[in-house]
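Just one chain follows, in the form predicted alone, and it is written as structure tokens.
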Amino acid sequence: MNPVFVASDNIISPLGFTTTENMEALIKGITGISLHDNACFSPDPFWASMLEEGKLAEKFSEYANPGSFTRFEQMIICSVKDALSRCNLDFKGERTLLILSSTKGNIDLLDHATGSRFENNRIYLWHTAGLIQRFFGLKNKPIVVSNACISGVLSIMIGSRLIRWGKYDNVIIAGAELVTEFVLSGFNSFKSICPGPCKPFDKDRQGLSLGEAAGTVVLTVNREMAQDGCGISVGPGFSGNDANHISGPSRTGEGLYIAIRRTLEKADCSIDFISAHGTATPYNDEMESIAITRAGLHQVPVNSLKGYWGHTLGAAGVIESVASVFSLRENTLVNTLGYTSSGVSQPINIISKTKQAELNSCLKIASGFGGCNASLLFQKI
């Protein structure tokens, strides 16, 4: 089967509009999470990581009229544009596919004031994917992956498999998510929103911080296009569903353990660090610590990046995978912002300080509502 390489990537968040800008902020310990007081989203102030509308519209105006596209669509187009500008691939041919990853898409269009500006079917993810496809002149019908918070990792996994099986030469994976009244009220109903910036794996964690972002990963079969002379390949990946509960994760970490175990069985290398899901909710962090320990990886350095970007749902697996690729290329372990002392039962090795290390492989893991879990290997070539 064909090998798969990372050709290019992008991250758009409150920390910047390129991967470099975002990663420089992470290395400096800068967070995008801040206090917001907006009655359109919540009657009470809330902590979240949110893009400034003016900056997004200004950037998008380089490509098209912002008034003709939703914020969600603008984020995706800006992200894909930047990623494609950084690689020399024939993405308009028959051998290129687009995969869109999101849990809610244009969900803000349910609000009459916003939605009245656009046609009704703009709310559907399949319609958004088709719009993005046409904007970039892509020939093939796109795929939508919307499977809770593993959507981003699962999209990269599916894209790499399609290249490995010879179906396509290039796959563009774009993930995006908005912070909206709908999403915020949903997590508030679970009482899972932190009254401050989130603290993944910490003993004082009180819940998650929501975030909005867009990310793009361009995969290719062309080894010469592997990024910046320090190529990264996408290795084996698996998903597992423990069907434990509609929102609560397995107390034994069964689904995530299965996904990790199967990935390790196919891997041809040891694991140098783990990019965890790390939502800073009591049950998720505990479950991950159990699954990591059951897989025999409790001594491997682990980080969560939710303290920088918040939880970006369907975009999380994409932007955190981009950060993992950056870490491999730069031999840099990024610390878990907000973490001070362990609040999980298993003695996993949380990265508490950003530092240099010789890195050759990363295991990216993700978990989501409905018991879904995913695990994916990235490796230097």
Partner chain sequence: MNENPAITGYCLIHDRQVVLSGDLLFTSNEKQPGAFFTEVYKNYSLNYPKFYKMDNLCKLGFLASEFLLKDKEITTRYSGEDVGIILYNAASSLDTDRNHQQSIQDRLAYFPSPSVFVYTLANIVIGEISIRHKIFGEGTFFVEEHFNPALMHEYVSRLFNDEIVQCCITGWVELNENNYHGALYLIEKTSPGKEGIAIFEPQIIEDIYLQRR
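Please read these numbers as outputs of a predicted model, since none were measured by experiment. Numbering follows the first chain given and starts at 1.
Separately, the form predicted together with the partner chain exists; it is not shown, and the next lines address it.
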Assert contact_stretch over 267-275, 135-143, 301-309, 287-295 against the partner chain in the predicted complex, heavy atom within 4.5 Å, equals 135-143
On the criterion of a non-hydrogen atom at 4.5 angstroms or closer, are P45, L178 and A280 all touching the partner chain in the predicted complex? no
Taking the partner chain in the predicted complex as the reference, which of R95, R223, K81, R261 has a non-hydrogen atom within 4.5 Å? R261
Which one of N170, S239, Q74, T128 is close to the partner chain in the predicted complex, taking close to mean a heavy atom within 4.5 Å? S239
At 4.5 Å between heavy atoms, is G370 in contact with the partner chain in the predicted complex? yes
Hey, in the predicted complex, does A39 get a heavy atom within 4.5 angstroms of the partner chain? yes
Applying a 4.5 Å heavy atom distance criterion, does R86 contact the partner chain in the predicted complex? no
May I ask you to check whether I381 falls inside a 4.5 Å heavy atom distance of the partner chain in the predicted complex? no
For 153-190: residues with a non-hydrogen atom within 4.5 angstroms of the partner chain in the predicted complex? L154, M157, I158, R161, W165, K167, E181, F182, V183, S185, G186, F187, S189, F190
